[in-house]
Structure formats: C-alpha cells, structure tokens
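Below sits a lone chain in structure tokens, taken as the form predicted on its own.
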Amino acid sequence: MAEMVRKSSVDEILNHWILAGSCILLMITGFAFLFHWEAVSSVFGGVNGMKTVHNYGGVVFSLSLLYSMRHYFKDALEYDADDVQWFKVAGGYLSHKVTVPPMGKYNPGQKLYYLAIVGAGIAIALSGFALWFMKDNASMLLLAHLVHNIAFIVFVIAVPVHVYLGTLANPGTFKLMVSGTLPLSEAKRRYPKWMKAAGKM
C-alpha cells in the first residue's frame, strides 16, 4: 500500500468546507437580493427570512475566514524565484510543453487567490456589518453598498475559477480537500520543495 502524506489537517479541511459553504450561500442570497429572485427568497420564507440567513451566514463566513489565516496566511506572503518563473509559464496551464518550476506546499496562484479572498472577504464583511448595524447613517450606507458590491464582484469571478482549478483542471485536488492526504510519490512530484523541507526527499 502506498505511503500517504498529510497535506491538510482535519481542522483545516473542516474550516475549508465551512468557508466554502457559507460563501456559496452568501453568493446565492446576494444574487437573489440584487436581482429580486423571488424563487430563491421563497426558499427562506421570504425576503426577511433570507436577509436573516444572509446576515448570520456572513458571521459564520467572517469567523471562518479569520480562522483560515492560521493555515494559509504566512505561506501566502512568501514568494521566491521559482514563484516568479511559475507566473512566467502560467503554471503550465496554457501549455504542457513548458517546464514548471518546483513548487512548495502552495503554488503562487493559490497564494494570490487566497490573498484576494482575504482582502475581498474583509471588505465584504466590514461593509456587510455596516449595512446591518448602521442603517441610520446615510453616507456610511452608500459607501458600504459600494464596497460590498465591488467585493462581491471579486468573489463572483474568483470562486468559480477556484472551483474549476480545484476539480476539472487538477484531478485529485478535490479528493485532497476531503481526505487531506495524498500518496508520498505524488507529493514528491507535485510539491518537491515542501517535501524537501519536510525531509522526505
């Protein structure tokens, strides 16, 4: 039986799915608010019920986003020459003929995606809480709506790309975020710098 390597801890996997689930729920209800989709709001018992779900879903999302920083934030801020080269060859996604440099635990695309989610997540959370609790401040509401909508656009673009890259574009990645483990041979092939740092190369 192949030796397995743990890449994601149990709490990381659990929090990933809490973050993903709350994000998707917020995106669906957000679209329903934006386009007045009565079919969606009826699922939650009407607009007021959907607003309650959206608000408290935002609390779950905010807490989950903050907790995710213990798993990814430090790595997301670290880049080296191999990461620069990875960008030059677009990570090998556009052509299988290019040579992709050795990667650590996360590639630079994943790092930038995470930083974008953190930035947009903080913006959408703070503006969301402003919309929730500062209803009497007209100027604040105007600014909060603007920030909330811009951050929402970031999520609408980034999340589907992330889902695609984590499933169809990279077979095995979805399984990794369920079990948290992968064969040692595959880990050496996909994350050689991480394996070397762990003393397994």
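This is a predicted model, so every value here is computed, not measured. All residue numbers refer to positions in the sequence shown, first residue = 1.
Here the subject shifts to the form predicted together with a small molecule, a form of this protein not shown in this document.
Chemist: Taking 4.5 angstroms as the heavy atom distance cut-off, pick the stretch from 31-39, 45-53, 134-142, 171-179 that is near the small molecule in the model of the complex.
Modeler: Heavy-atom contact with the partner occurs in 171-179.
Chemist: Quick one: does Y72 come within 4.5 Å of the small molecule in the model of the complex, counting heavy atoms only?
Modeler: Although the small molecule is absent here, Y72 would touch it in the model of the complex, with heavy atoms inside 4.5 Å.
Chemist: Check V163 for me: does it contact the small molecule in the model of the complex (non-hydrogen atoms, 4.5 angstroms)?
Modeler: Taking the distances in the model of the complex, the answer for V163 is yes, it comes within 4.5 Å of the small molecule.
Chemist: With a cut-off of 4.5 Å between heavy atoms, is C23 one of the residues that contacts the small molecule in the model of the complex?
Modeler: Yes.
Chemist: Contact between T167 and the small molecule in the model of the complex at 4.5 Å, heavy atoms?
Modeler: T167: contacts the small molecule in the model of the complex.
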